[in-house]
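Only one chain comes next, encoded as structure tokens, the form predicted alone.
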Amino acid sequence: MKNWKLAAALLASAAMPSAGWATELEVTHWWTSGGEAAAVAELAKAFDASGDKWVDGAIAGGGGTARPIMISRITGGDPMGATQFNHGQQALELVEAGLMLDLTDVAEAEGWKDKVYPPSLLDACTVDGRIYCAPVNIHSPEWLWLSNKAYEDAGIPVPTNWNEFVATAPQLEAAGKIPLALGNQPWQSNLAFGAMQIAVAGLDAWKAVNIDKNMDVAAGPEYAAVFKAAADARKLAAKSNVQDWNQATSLVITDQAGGQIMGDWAQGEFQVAGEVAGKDYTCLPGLGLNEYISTGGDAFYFPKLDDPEKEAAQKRLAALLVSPEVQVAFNLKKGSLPIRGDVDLSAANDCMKKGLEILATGNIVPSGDMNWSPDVQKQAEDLMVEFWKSDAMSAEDAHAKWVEILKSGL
């Protein structure tokens, strides 16, 4: 009976305004690009329409800049009402320290276990059987985005996979194009490497390393090929002198670059620019080699506030974020996939449909931040920064160092 009453209250909160609430919640996140801002505006609009008030706390600079600020505020006694983290272990220590609100009652009342797909998304929110976050999307980084006009200008067909992309790079350069757009933020090179792991090494090798923790496979020929591909990419991106990921995406949108390895959130930038999937740009999941996607993405956690009124608003927001209407409105703008399969995405573009088809076939793997500790992830990121910034480090040396980093996390 208690669950039924809570479910009724939460559904009502998502369906109609209630002036009696009007509770303000500061929500921190790192969504500041054009496409991201358009997407987060949908969340704010829905929360405001429900009768509460979204106070936007955007932090520029991406997750690497924002997360330390968010964590510092929570541990320092200045918590926000809700905060974005990626699925995985980024908030685990905060949960274990008792600083995050338990959302299990909301999840049970809303039937999240029956609606959230794949189940690993909710598993990533679960600690000791209790649920501490509301997943909002599925983001996969294993995409190659291509400018159709850049290839038209070069007089060559648009590549259908990574190998063709590398092979046609000299012709792109001869036409005055940058083959590969890549920003200088550390996570971008790490993302590109992660995309190559599944695309080049293949799913079996990826699982052996990242799930089974098989270090022989990590040191073997499949991953040697990954580092060779990374060395190729490093050469192709040598003239991509931009900082932010969306600046790199802009090079593709404006046809100055042939392609970019980036997550499906790049779609938000193409959409804001008025580009049409399949006409102006081409998207290749799994870099066109292995059409698997990893099911990472974003979730919202709710720090404990010691304020019953705000806690009630936090739970209303958590329920709203997973509701069908909000899932559709947000993910169509974000370029990501919804975390529930019972929503109407008839308005999805060609690239989102590709992602949905892959999701439906079950060709999915958990994201890297669900498999390795934050320390291992940080060491690997630092290695990628060193490797990508110059060709002083060989693919063989980077491979050996990477294996040692993974071993340190066993």
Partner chain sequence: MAGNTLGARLMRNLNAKIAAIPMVTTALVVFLGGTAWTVLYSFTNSKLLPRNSFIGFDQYERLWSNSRWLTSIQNLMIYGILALVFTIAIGFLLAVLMDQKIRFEDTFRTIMLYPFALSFIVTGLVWQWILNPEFGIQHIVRSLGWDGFTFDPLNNPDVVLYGLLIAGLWQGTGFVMCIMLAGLRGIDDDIWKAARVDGIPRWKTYLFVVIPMMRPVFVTTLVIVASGIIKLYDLVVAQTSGGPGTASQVPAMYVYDYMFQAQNLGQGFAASSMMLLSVLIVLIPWAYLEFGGKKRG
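Residue numbers count along the first chain shown, from 1. This is a predicted model, so every value here is computed, not measured.
Below, we turn to the form predicted in complex with the partner chain, even though it does not appear here.
Undergrad: Name the stretch, out of 347-355, 37-45, 50-58, 381-389, where some heavy atom lies within 4.5 Å of the partner chain in the model of the complex.
TA: Residues of 381-389 come within 4.5 Å of the partner.
Undergrad: Which of 161, 75, 148, 126 has a heavy atom within 4.5 Å of the partner chain in the model of the complex?
TA: Only one listed residue qualifies here, and that residue is 75.
Undergrad: Please tell me which of 106, 94, 332, 154 lies within 4.5 Å of the partner chain in the model of the complex, judged by heavy atoms.
TA: When the partner chain is considered in the model of the complex, the option within 4.5 Å is 94.
Undergrad: Taking any heavy atom pair closer than or equal to 4.5 Å as contact, tell me whether residue 168 reaches the partner chain in the model of the complex.
TA: No, residue 168 stays farther than 4.5 Å from the partner chain in the model of the complex.
Undergrad: Can any non-hydrogen atom of residue 89 be found within 4.5 angstroms of the partner chain in the model of the complex?
TA: Judged by the heavy-atom cut-off of 4.5 Å, residue 89 is in contact with the partner chain in the model of the complex.
Undergrad: So in the model of the complex, is the partner chain close enough to residue 224 to count as touching (4.5 Å, heavy atoms)?
TA: No - in the model of the complex, heavy atoms of residue 224 and the partner chain never come within 4.5 Å of each other.
Undergrad: I'd like to check something about residue 68: if you look in the model of the complex, is any of its heavy atoms closer than or equal to 4.5 Å to a heavy atom of the partner chain?
TA: Contact check for residue 68: yes, within 4.5 Å of the partner chain in the model of the complex.
Undergrad: When the partner chain is placed as it is in the model of the complex, are 32, 295 and 366 each within 4.5 Å of it, taking any non-hydrogen atom of the residue?
TA: No residue of the spot touches the partner chain in the model of the complex.
Undergrad: Judged by heavy atom distances of 4.5 Å or less, which residues of 226-245 approach the partner chain in the model of the complex?
TA: The stretch touches the partner through 241, 243.
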